[in-house]
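Taking the form predicted alone, here's one chain by itself in structure tokens.
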């Protein structure tokens, strides 16, 4: 790490309730030479609420991030302190900032986090679904066929999965979770966390889908889905089925079934019937 005093602060902002900004974050934001914000208009509204309206700011979003990375790092290298913020929550988590931080790390600049709100972790903490192993999956593909393929790849994962979803796609997303993960898979919908109309509801995927479909209020705002991982039996079945599929490209079904049954301690008949289907 270089010896200059410049710092790139990665600052988490509240995801809803303005009072969730930490005392330290407020102090650092007041002291930096420049704030780089995903949307400067949104930042100015928030900054006014926190008494930070006089802090200089520039935009940094997905369309200008590569160019801004050079600019940000030049400021930090010259000894300036800079804050990186997104509209809400922790930067880089389904938000811009990765290229900036990666470039700063490559140059040996000091990068320091100011932890705080993250919608994914906040949702997990209240979901009632296992939190010992989890995977943040971000936004699913927006089109149906691509989304179903993407979800199918994750259906056998044993870790809890966290998804962000846009309100106009939430019903279709739940439809596809039912189809790919199964109607009985446990899912918690977390909507508008820390805001006035906060919703946290856990149910089996099919029941949750019907509830959201019939209540259009649940099709608005910021949405996080926490999906339970697959059972050990489902995960193991997906593993032997994938291998059986590969073997069946080269060997007769009976031979493939015999090998898979031996390797996975599953009945040869079950494997054979799967391949016949």
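Positions refer to the first chain, counted from 1. Everything numeric here is computed off the predicted structure, so don't read it as measured data.
Note that the form predicted together with a small molecule isn't included here; everything after this is about it.
A.B. asks: Each of 186, 229 and 236 near the small molecule in the predicted complex, meaning some heavy atom within 4.5 Å?
C.D. replies: No: no residue has a heavy atom within 4.5 Å of the partner.
A.B. asks: Heavy atom within 4.5 Å of the small molecule in the predicted complex: which of 175, 71, 95, 204 fits that? Just give me the one.
C.D. replies: Spelling it out, the residue with a heavy atom inside the cut-off is 95.
A.B. asks: I need to confirm a contact call. Of 114, 117, 83, 124, which residue comes within 4.5 Å of the small molecule in the predicted complex, counting heavy atoms only?
C.D. replies: So the residue touching the small molecule in the predicted complex, by this definition, is 117.
A.B. asks: Contact with the small molecule in the predicted complex for residue 190, defined as at least one heavy atom pair within 4.5 Å: yes or no?
C.D. replies: Yes.
A.B. asks: Using a 4.5 angstroms cut-off on non-hydrogen atoms, would residue 164 count as touching the small molecule in the predicted complex?
C.D. replies: Output for residue 164 is yes: heavy atoms within 4.5 Å of the small molecule.
A.B. asks: Is residue 160 a contact residue for the small molecule in the predicted complex, using a 4.5 Å heavy atom cut-off?
C.D. replies: Although the small molecule is absent here, residue 160 would stay clear of it in the predicted complex, with no heavy atoms inside 4.5 Å.
A.B. asks: Is there a non-hydrogen atom of residue 139 within 4.5 angstroms of a non-hydrogen atom of the small molecule in the predicted complex?
C.D. replies: Residue 139: contacts the small molecule in the predicted complex.
A.B. asks: Among 145 to 153, 175 to 183, 84 to 92, 126 to 134, which stretch has residues whose heavy atoms lie within 4.5 Å of the small molecule in the predicted complex?
C.D. replies: Correct option: 84 to 92.
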